[in-house]
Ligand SMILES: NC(=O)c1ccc[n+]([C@@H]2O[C@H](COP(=O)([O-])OP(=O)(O)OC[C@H]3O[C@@H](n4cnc5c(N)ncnc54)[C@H](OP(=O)(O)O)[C@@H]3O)[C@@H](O)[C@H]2O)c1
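Below you'll find only one chain, the form predicted on its own, shown as structure tokens.
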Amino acid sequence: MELAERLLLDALAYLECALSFLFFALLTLLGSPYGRYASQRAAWSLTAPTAWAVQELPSLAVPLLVCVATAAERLRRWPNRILLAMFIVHYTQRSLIFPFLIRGGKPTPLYACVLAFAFCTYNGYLQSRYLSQYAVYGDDWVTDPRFLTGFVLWLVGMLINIHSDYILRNLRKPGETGYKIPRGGLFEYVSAANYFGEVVEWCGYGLASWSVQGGAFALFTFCVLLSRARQHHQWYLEKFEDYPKSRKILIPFLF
């Protein structure tokens, strides 16, 4: 039974890699169906705070359920505990804090929320079940350069993501409407600094975990957020004549 589930978790990780390229292609061709790009003709939609809380919650609830409802033998090891804590900390912020900081926000089509909910359930199970039951690390893994570098990248990426979201929330003064060019922080270099932070964060997690499961999530994050960042970048260029042409799409000084 354990071997069968371990093979299943590997298969789910490789499937997530395949989905990364599929979603990149679809989002590049069709665009992201939320926020300013959402169709106003959608029959069913949720407010932005509600959609964010609902769709992100499985990434927090599923790992907690896995830890409580199973033996979670591997969580007796510090490397496994820290890696799972990294995952849970991010989604505590994304599902319980971030949604309540949103100011306004366009409605999210119900189908987009359902798709995100499904992925968060899938990935939440994949990451938490692997780390709690099957990931084998020596106690000295927490001093390995791969783990230390990955942890630092995760922390820096999360701070960039939170700071960039703060900049976006405060673009408008009370009573103002319309869109503005983001200024400050890494927005001086890229159009999607918040996405850049999240990519760095999960690449760090993937490096620290040194696993197919962690790497698959990092790849999925990069592919999906790159497609969204390209859409944002093009929108800014078309919307604002004075938009800084030196800004890259997602990665400072690269693209």
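Worth saying up front: this structure is predicted, and the values here are computed from it rather than measured. Heads up: residue numbers just count along the shown sequence, starting at 1.
The same protein also exists as the form predicted together with the named molecule; that form is not shown, yet it is the one meant from here on.
**Message:** Can you tell me whether the pocket in this form is open or blocked when the named molecule is overlaid from where it sits in the model of the complex, based on ligand atoms within 2.4 Å of backbone or C-beta (3 or more = blocked)?
**Reply:** By the 2.4 Å criterion, open.
**Request:** Have a look at Pro79, Pro109, Gly124, Pro182 for me and say which one sits with a heavy atom within 4.5 Å of the named molecule in the model of the complex.
**Result:** Checked against the cut-off, the match is Pro182.
**Request:** Have a look at Leu171, Ile88, Leu75, Leu153 for me and say which one sits with a heavy atom within 4.5 Å of the named molecule in the model of the complex.
**Result:** Exactly one listed residue reaches within 4.5 Å, namely Leu171.
**Message:** Even though the partner isn't displayed, in the model of the complex is Gly178 close enough to the named molecule, meaning a heavy atom within 4.5 Å?
**Reply:** It does: once the named molecule is placed as it appears in the model of the complex, Gly178 has a heavy atom within 4.5 Å of it.
**Asked** Is the gap between Arg129 and the named molecule in the model of the complex 4.5 Å or less for some heavy atom pair?
**Response** So Arg129 does not count as contacting the named molecule.
**Asked** Heavy atoms within 4.5 Å of the named molecule in the model of the complex: does Gly35 have any?
**Response** Result yes; Gly35 sits at the interface with the named molecule in the model of the complex.
**Non-hydrogen atom contact Asn194 with the named molecule in the model of the complex at 4.5 angstroms** = Flag for Asn194 set to yes.
**Asked** in the model of the complex, does each residue in the set Gly105, Asn161 and Leu225 place a non-hydrogen atom within 4.5 angstroms of the named molecule?
**Response** Looking in the model of the complex, the three residues Gly105, Asn161 and Leu225 all sit within 4.5 Å of the named molecule (heavy atoms).
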